[in-house]
Ligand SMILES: Nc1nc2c(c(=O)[nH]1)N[C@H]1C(S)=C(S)[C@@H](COP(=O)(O)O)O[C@H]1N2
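Next comes just one chain, in structure tokens: the form predicted on its own.
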Amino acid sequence: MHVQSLRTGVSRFSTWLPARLVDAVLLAGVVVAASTGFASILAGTASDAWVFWLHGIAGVVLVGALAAKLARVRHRLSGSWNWTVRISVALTVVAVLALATGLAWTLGVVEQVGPFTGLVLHAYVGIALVPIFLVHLYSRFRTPTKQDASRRNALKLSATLVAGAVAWRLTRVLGPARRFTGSTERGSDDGNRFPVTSWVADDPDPVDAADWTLSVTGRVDERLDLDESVVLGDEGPRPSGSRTTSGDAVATSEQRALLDCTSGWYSEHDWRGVQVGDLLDAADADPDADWVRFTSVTGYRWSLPREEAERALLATHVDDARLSHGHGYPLRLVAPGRRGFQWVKWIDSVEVRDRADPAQWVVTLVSGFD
């Protein structure tokens, strides 16, 4: 009796929407989930919260659509396995794993898997899903018909999306406290005792401050080359009255800012260091130059719009403790509202530029592999 009821329920679920409309929902869900997943890498301010909401809702809707799809096509597994069936099976396995890891992270069931956080594992599986999905799409997808676009089906589709939004919201209530990015708090206001992470393979040997200089170059009237005695001093940046090679003062600045890492944690601290705007003033930077690029001793780099860069900080200290090597000693960019991988560590160069640096994306992926 129970088995028959289950079969009846599965059958009804699989025919809730027409087959081609289910396929269209799967296509739209994967496109939305993949695009918002990639967009979330750069989304760091509260105004970007919709990116994460849409990603989560798409994931929940995909769970239902995938279940309906499997209920309808499960009989194909009993036949011969040609290449399209093999691709379909591989796609199903990877899709289930992507959805399961995302749900497990949201609910706090899986925080760490070996060297990866649950969120990073979810991201890697999601990336692996995309090429398999494209191959499957080429071999299997059929566009919905006019009959599929009925008012009845439109209402069912709307109900499906609303149910997905409600279910996603419920997962956020049941899971641990997180920021809108999905990150959990780690080590706030505790000096260097927050996680040490590196983007891909960027992990140099400790920097010898005695051999280190900070250069301010590019669209400036006077290049600055500041050694550690000027920038760092004995306990951090010199107070007002210390002199750069150009004769301008380097003053200590403080800023409270929240670092949100794409691996799934955030940490809020009081940072102390050199205001970027002060350095640009000391170098007499061209007011018409619109970008500033920050480069690490490893070659890793990132650019910020001029107005935003001037408000950023080159930190030497966190909560009154000198930055550790893992956190970017001797200088780390503090860029509020930006994700952690954009807070460049081990900075030795600030360059004023006319435009952004599109090659920085490539550098972030290859830096450290030498």
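Quick note: we count residues from 1 along the sequence shown, nothing fancier. These numbers were taken from a predicted model, which means no experiment stands behind them.
One more form of this protein exists, namely the form predicted in complex with the named molecule; it is left out here, but the text below deals with it.
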**OP:** Could you tell me which stretch in 306-314, 65-73, 41-49, 338-346 has residues with non-hydrogen atoms within 4.5 Å of the named molecule in the predicted bound form?
**Re:** 338-346
Original post:
If you check in the predicted bound form, is residue 196 within 4.5 Å of the named molecule, heavy atoms only?
Top reply: yes
Original post:
Is residue 259 close enough to touch the named molecule in the predicted bound form, meaning at least one heavy atom pair within 4.5 Å?
Top reply: yes
Original post:
Does the named molecule come within 4.5 Å of any heavy atom of residue 55 in the predicted bound form?
Top reply: no
Original post:
Is there any non-hydrogen atom of residue 202 lying within 4.5 Å of the named molecule in the predicted bound form?
Top reply: yes
Subject >> Heavy atom within 4.5 Å of the named molecule in the predicted bound form - residue from 252, 184, 298, 160 >> reply: 298
**OP:** Sequence order please: the residues of 316-340 with a heavy atom within 4.5 Å of the named molecule in the predicted bound form.
**Re:** 326, 327, 332, 340
